[in-house]
Structure formats: structure tokens, C-alpha cells
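Presented below, as C-alpha cells, is a lone chain in the form predicted alone.
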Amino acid sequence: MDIARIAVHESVAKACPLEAMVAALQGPDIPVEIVGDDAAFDAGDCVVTFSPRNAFLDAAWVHGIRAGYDEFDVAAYEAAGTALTNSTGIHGDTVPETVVGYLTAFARRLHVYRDRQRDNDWTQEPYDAPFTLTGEQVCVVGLGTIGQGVADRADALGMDVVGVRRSGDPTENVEHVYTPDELDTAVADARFVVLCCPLTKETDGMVDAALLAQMRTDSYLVNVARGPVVVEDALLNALDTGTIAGAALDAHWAEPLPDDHPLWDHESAIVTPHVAAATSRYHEDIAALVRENVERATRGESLRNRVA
């Protein structure tokens, strides 16, 4: 694969400044330029993008700057002979650190006090409301780069860590690994259930009313995966009825979350606008991965993170 141009699509601006991405990708050998939806592509192009476009199928290779690639038509890329890579592997610090923030907020009631601060409200939480993470169990669903990062940090905090992965293979800092068919058992004793899995046919709607009913009434759901992994109405009902104690959501069913969505008014919910992976170094992390793959392509080697 001979790459003659790196085209940074304007949709990259959803994640980081375009100029910063271009500067990080610049090298002495291959030109880098910003392109819009009216751009044309050919077999010498590498396209770096946040979102898919049909025109990208004319390029040699398309790199998605997110870990998830469910918006891309993998079959179409395979049929066109266009390589498709994603950015899995670069979120091993950012997203797990965000998850630790959610867990700590719930345990120490920080989200409640932040809300009360706006009203100059000195009210303290009931004696039995706060708790420590040490000794609590967390179930991490999906043990890829992000899930492993969550497990490592939870273990360091003294938590009892169990996990779920397709293979069921053991992994560091996870006491017991379940397979997806054992999900009911995996979540039953957990104070926190953290979703780090990709959106697939198998995980779409995986967290439904039946699974939520298996969770402890004092448990919390954390979703840094994809919105549709959780059944929306089932979660809202679980929060309304006290089936679970709360939820932290960085991935949603519609983005932006509509202004009138019930989650905005739930004291038991923490809502963030799909920013768990955000960092001021994001453009550098992406650029390093793209430049590595440019070198691999030049040497005729397989591309890292190739999904099509």
C-alpha cells in the first residue's frame, strides 16, 4: 500500500482541533490536508475521520479515530478492498480514569454535593449513604484495553474485581472471569457493573429489565460502551423504582441527549456527554497510531487495529 496523502476529514473536529491533528500528523514525506464532504479520494489516500462517508470507499485506507466502529459498514469496506482501522488501544488510561471518577463520586456522594453547591445547600447525606470502594465488588463487562484498565485501577483501590469476556480466559487483577452466558451470575454480587464492551449483535440490548433485576438494589451501572448496549426504558424504570441505586452514562441512545430526557433530572444518575476518552493529548495519540500504520503500509506489513 503506497500512501501519497493523509486526508483529515472535518468530522475529526468533534474530538479534537483539526489544526492540531494536522500538525501532529505532519512529516517530511507525506502531505497532510483537511478535507470536507465534497472531497474525492483515490488509491493513494489515507483518510483520518470521526464519521463514515460513502466517498471514503475510494481511498486505500480509512482510519476511524474512535475505538468503536459500529457506524462503519465493514462489509462495504471489505467489498471495496479499502482497509479500515480503528483507535482501540489508546484509551487505556483516559476511560478507566473516568470510570474511577464515577465510582468515587457514587461512593463518596460527590455528585450529590456538587448539585447542592449550586443552591448553597449545606445538607449532609444520611449516615448510611456514603461508603468506601475498598472491599466492594465491581464487575467489568468486556476486558479489552479499557476493561483491563478499569480492572487494574479497581484492584489497586482494594476492590474485588470480577469480569466478563467471550473467551472466559483469566486476566491480571481479575479474581474470576465469566463468559457472557454467565452474565446474570457475574452481576449478582457486584456493587458496580461497568460496561466496556463493543456494540455487536450479541451485546445490543444486553442490559435489559431481567438483567437489571439480577443486580443488587444498592448497585450502580456504569456505561462507557455504547448506548444501545442498555435498554433505555428498562434502565429508566430501574432508576425510578429503585431496582438499582444509580447509573453513570457516558454513552447514550441519542447524542446529544435530548433536553427533555428524564436522565437530566435523576439525582441518582451522572450524565457526561461522551467524553470519557477526552484528553488534551488525543490528537497526539491518534497521530502516533496513524504514523505507525503509514510505516507499516510502506513496509508491506499488516496494519495495526485493522477491522476490514
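In this text, residue numbers run from 1 along the sequence as written. Worth saying up front: this structure is predicted, and the values here are computed from it rather than measured.
Omitted here: the form predicted together with ligand 7N6. The next part is about that form.
Undergrad: Would you say all of 15, 91 and 226 touch ligand 7N6 in the predicted bound form, counting a heavy atom within 4.5 Å as a touch?
TA: Heavy-atom distance to ligand 7N6 in the predicted bound form: all three under 4.5 Å.
Undergrad: Verify the contact flag for residue 277: yes if a non-hydrogen atom of it lies within 4.5 Å of a non-hydrogen atom of ligand 7N6 in the predicted bound form, no if not.
TA: Because a heavy atom of residue 277 falls inside 4.5 Å of ligand 7N6 in the predicted bound form, the answer is yes.
Undergrad: Can you tell me whether residue 44 touches ligand 7N6? I mean in the predicted bound form, with a 4.5 angstroms heavy atom cut-off.
TA: Contact with ligand 7N6, no.
Undergrad: Does any part of residue 63 reach within 4.5 Å of ligand 7N6 in the predicted bound form? Heavy atoms only, please.
TA: Close contact is absent here: in the predicted bound form, residue 63 is far from ligand 7N6, nothing within 4.5 Å, heavy atoms only.
Undergrad: Quick one: is residue 262 in contact with ligand 7N6 in the predicted bound form, heavy atoms, 4.5 Å cut-off?
TA: Contact check for residue 262: no, nothing within 4.5 Å of ligand 7N6 in the predicted bound form.
Undergrad: Which is the contacting stretch out of 277 to 285, 54 to 62, 35 to 43, 263 to 271, given heavy atoms within 4.5 Å of ligand 7N6 in the predicted bound form?
TA: Heavy atoms within 4.5 Å of ligand 7N6 in the predicted bound form occur in 277 to 285.
Undergrad: Using a 4.5 Å cut-off on heavy atoms, what residues in 36 to 68 are near ligand 7N6 in the predicted bound form?
TA: The stretch 36 to 68, when checked against ligand 7N6 in the predicted bound form, contributes 50, 66, 67, 68 at the 4.5 Å heavy-atom cut-off.
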